[in-house]
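Let's start with one chain on its own, the form predicted on its own, as structure tokens.
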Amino acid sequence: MGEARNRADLIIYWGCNPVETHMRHLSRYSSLAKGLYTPEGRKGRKVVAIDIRPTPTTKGADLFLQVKPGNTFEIASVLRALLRGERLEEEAVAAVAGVPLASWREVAEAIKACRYGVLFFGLGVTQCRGSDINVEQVGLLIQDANVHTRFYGLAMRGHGNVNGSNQVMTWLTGYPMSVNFSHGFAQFNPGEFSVLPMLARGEPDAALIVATDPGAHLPADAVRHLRSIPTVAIDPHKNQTTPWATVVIPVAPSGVAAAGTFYRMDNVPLRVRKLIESPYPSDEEVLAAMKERIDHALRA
């Protein structure tokens, strides 16, 4: 994000609304920030927004492309084709995702012409059919853009330290998420071992929920299955999951009553200190105690 602040003269927001979800993002790191090589801030940048509806973020964009839902793969594909110089005729491809081909040409030309571009993408890119394939295609789009200029892609993470679990899982297994240990070794398959597909198939018969609120964030059918199985929730706050969880273990809030390392959305580690005392243990202490009990039961 420091690179985006100091160098980016092209900002693309795709499927995200940081004005409302990441309030200080624009002023500190993206379109409004003044950096070393972008001293004019917003005046020295071109901002493109791609979304299914107008939002406060799209209102401040130089170019807003309102697309039809469920066309992430098609959008990334047409932009890749334009960047690679493939011939697309308006007669054959009049529009993609409800947007005229001429507008996608404008985006592709802006990518080619910029010195340093950054694509910030959110859940809107993944919340349609083939979510993992969509993200892969967006990654390939960023690779194609780097043939012409310096270009970077960054996921707009939601909650604090949501990137931390990805970091730990990567250095332990080589995979960031959707890891299955049922065969005694790490297996990675986002389409098979992600939370939603597994809950949709009804495979889990127990769940350990740590520092998240599936009752508020997962689809209704996934929540229904969770409510039908034994569930342990470890969280510092009362939320929409704790009322129906089988066991609730309150813990000290991280970064307030428990020290540790947070990972920013661009993978930068930030050490947080313990500021106050709490009558509750930390997440780490609870999980370590659970692991000790499990190891003892296995030895017995």
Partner chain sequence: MHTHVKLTLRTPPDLPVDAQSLIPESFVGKDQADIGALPLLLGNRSVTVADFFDVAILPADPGDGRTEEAREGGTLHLCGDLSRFKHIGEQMACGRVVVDGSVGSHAGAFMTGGALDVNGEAGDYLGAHMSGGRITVRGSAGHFVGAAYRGYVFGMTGGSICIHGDAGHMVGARLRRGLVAVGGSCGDLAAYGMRAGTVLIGGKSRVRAGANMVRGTVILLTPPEAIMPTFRYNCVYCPGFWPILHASLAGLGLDFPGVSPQAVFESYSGDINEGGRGEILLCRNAN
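Keep in mind the model is a prediction, meaning the values are calculated, not measured. Superpose the two forms; the largest set of C-alphas matching within 1.5 Å is the rigid core. Numbering follows the first chain given and starts at 1.
FYI, the form predicted in complex with the partner chain isn't displayed, but the following is about it.
Does Ser182 reach the partner chain in the model of the complex, with heavy atoms at most 4.5 Å apart?
Yes, contact at 4.5 Å.
Within a 4.5 Å heavy atom cut-off, is Ile133 in contact with the partner chain in the model of the complex?
Ile133: yes, in contact with the partner chain in the model of the complex.
Does at least one non-hydrogen atom of Gly70 fall within 4.5 angstroms of the partner chain in the model of the complex?
Contact with the partner chain, yes.
With heavy atoms only and a cut-off of 4.5 Å, decide whether Ala110 touches the partner chain in the model of the complex.
Flag for Ala110 set to no.
Indicate whether the candidate residues Cys16, Gln66 and Glu90 are all in contact with the partner chain in the model of the complex, with contact defined as any heavy atom within 4.5 Å.
Zero of three within 4.5 Å in the model of the complex.
Where, within 178 to 193, is there a heavy atom within 4.5 Å of the partner chain in the model of the complex? Residue list please.
Heavy-atom contacts to the partner chain in the model of the complex: Ser182, His183, Phe188, Asn189, Pro190, Glu192, Phe193.
So with the core overlaid, does the Cα of His183 end up 2 Å or more away between the shown form and the other one?
Yes, His183 moves 2 Å or more.
Would the C-alpha of Arg80 be classed as shifted by 2 Å or more between the shown form and the other one after rigid-core alignment?
No, shifts by less than 2 Å.
Given a superposition on the rigid core, I'd like a yes or no on whether Leu123 shifts its C-alpha by 2 Å or more between the shown form and the other one.
It does not reach a 2 Å shift.
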